[in-house]
Ligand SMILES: Cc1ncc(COP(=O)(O)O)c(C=O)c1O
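What follows is one chain in structure tokens, specifically the form predicted on its own.
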Amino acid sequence: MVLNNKNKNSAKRLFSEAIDIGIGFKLQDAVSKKHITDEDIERIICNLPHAGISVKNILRDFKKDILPFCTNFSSRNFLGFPDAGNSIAALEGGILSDFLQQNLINQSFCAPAATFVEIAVLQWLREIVGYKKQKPKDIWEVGGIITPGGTVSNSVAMMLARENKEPGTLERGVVDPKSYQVIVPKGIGHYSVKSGQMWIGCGNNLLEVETNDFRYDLKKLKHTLLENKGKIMALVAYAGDSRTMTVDNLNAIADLVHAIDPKIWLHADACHGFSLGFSQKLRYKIKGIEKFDSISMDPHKVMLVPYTLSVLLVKNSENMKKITSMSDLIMQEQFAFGQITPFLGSKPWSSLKLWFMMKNFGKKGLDELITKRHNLAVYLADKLGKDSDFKVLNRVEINSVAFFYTGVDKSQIDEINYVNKEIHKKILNEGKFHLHQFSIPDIGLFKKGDVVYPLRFMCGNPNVTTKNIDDMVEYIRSIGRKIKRRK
């Protein structure tokens, strides 16, 4: 049951079998092989066995009862999210991270070298968004943290905004939540900002500003800033909103906010869009992001890294002192990350996956990776734009194409929503392909302001080709036609 020198050879065989299962899964064409039923769920949520089961038998049961229902984000037909997780180097880093079990809460004995690997990764990422690269003398000069996901990264950003607005709130608590308002773009914001605002005691105090083509309406933004001056703790702008992947006008937003109230904390949710910084061709799209006080980014979404790995960067690293945790359980040492990671205690070496991946690809390979996936999205958008059965909702900024199957009738929005919802249900049930679906206000494609339910292509898997995209389009068309005939 426990690894030792006597059983190391049999353990290697079991590890090898597990790796074979993983490789076979990642390379299968099906997104999922079976649709899970209530009976399957009951079999999974079973009683713990009284006597232990051998690892070999557990693997056998796993292949039969669990694996067929798992969603394969690495399938070439998984076209709804870019979270492929199939970098060989990143997978190696993930395996080694689990084996080595370094805890980045403290540096000296928990993670003597791992801490500096994490610092190196954070400096690489600072460079690609235009922040100053640093050679930190202590943890407060690192200028960023690794978190388990974008929700945590955005929540920590809101905490930094709160402390920037009213220093010492961490200890005293929030007195007047209405004076901690956060500006977000209406209809396209990510839930984590609102949740983070509430989790840190500031209540649900969002100020939603109207958008044009999924970007802030700058005139209405100016009006909101002036009308609520003194009560705003932060503004959040998206470098790739979570629906259409539109990159906002970061330069203009930063300049406008700084002109009206330079005390407002500027946060860029760039969980997807930060990756444009790797592309010589596309990096202009995030110009101005370096003016923001904090930036969240999710390498597990866009850099082929297995779940989970998110990053929060802070322009002025000294701001991390405002949210420091002090305890004799966290060593008050020069490079203990536990001092600047709110919500987290023991901390896995997640950054090793990214360290492996970035060194493996290098700047040239990362440029090619990000540029290629953008080009695939442009290919799809152009293809659908010439096809009378489809309508495209957004312009391609990163790698997202939101679209509708319309068939002959392109005017009845209720009918179009119904058909596209039914298409998505069919996709999920069959498991051959995967596209995402969400609700969003129409920009005027059918009727401006009405809620629509597009399908979304968003791919980051280098194994995907234009043939996979062509096959997906014909698959959607065939389902759509059947649904319309049935009606």
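Note that residue numbering follows the sequence shown and begins at 1. This one's a predicted model, so the numbers in the text were calculated from it and none came from an experiment.
What follows is about the form predicted together with the named molecule, which we do not show.
A.B. asks: Hey, in the predicted complex, is G407 touching the named molecule, heavy atoms inside 4.5 Å?
C.D. replies: G407: no contact with the named molecule in the predicted complex.
A.B. asks: If we define contact as a non-hydrogen atom of the residue within 4.5 angstroms of the partner, is K347 a contact of the named molecule in the predicted complex?
C.D. replies: No - in the predicted complex, heavy atoms of K347 and the named molecule never come within 4.5 Å of each other.
A.B. asks: How about G150: is it within 4.5 Å of the named molecule in the predicted complex, going by heavy atoms?
C.D. replies: Result yes; G150 sits at the interface with the named molecule in the predicted complex.
A.B. asks: Is there a non-hydrogen atom of F78 within 4.5 angstroms of a non-hydrogen atom of the named molecule in the predicted complex?
C.D. replies: Because no heavy atom of F78 falls inside 4.5 Å of the named molecule in the predicted complex, the answer is no.
A.B. asks: Are all three of N154, H272 and K301 close to the named molecule in the predicted complex, meaning a heavy atom of each within 4.5 Å?
C.D. replies: Spot residues vs the named molecule: full contact, yes.
A.B. asks: Note which of R215, R283, H190, K165 lies within 4.5 Å of the named molecule in the predicted complex, where distance is taken over heavy atoms; exactly one does.
C.D. replies: The residue in contact is H190.
A.B. asks: Using heavy atoms only and a 4.5 Å cut-off, determine which of Y238, Y180, F292, F337 is in contact with the named molecule in the predicted complex.
C.D. replies: Residue within 4.5 Å of the partner: Y238.
A.B. asks: For the interface check, one of 338-346, 97-105, 240-248, 359-367 should have non-hydrogen atoms within 4.5 Å of the named molecule in the predicted complex; which one?
C.D. replies: Within 4.5 Å of the partner lies stretch 240-248.
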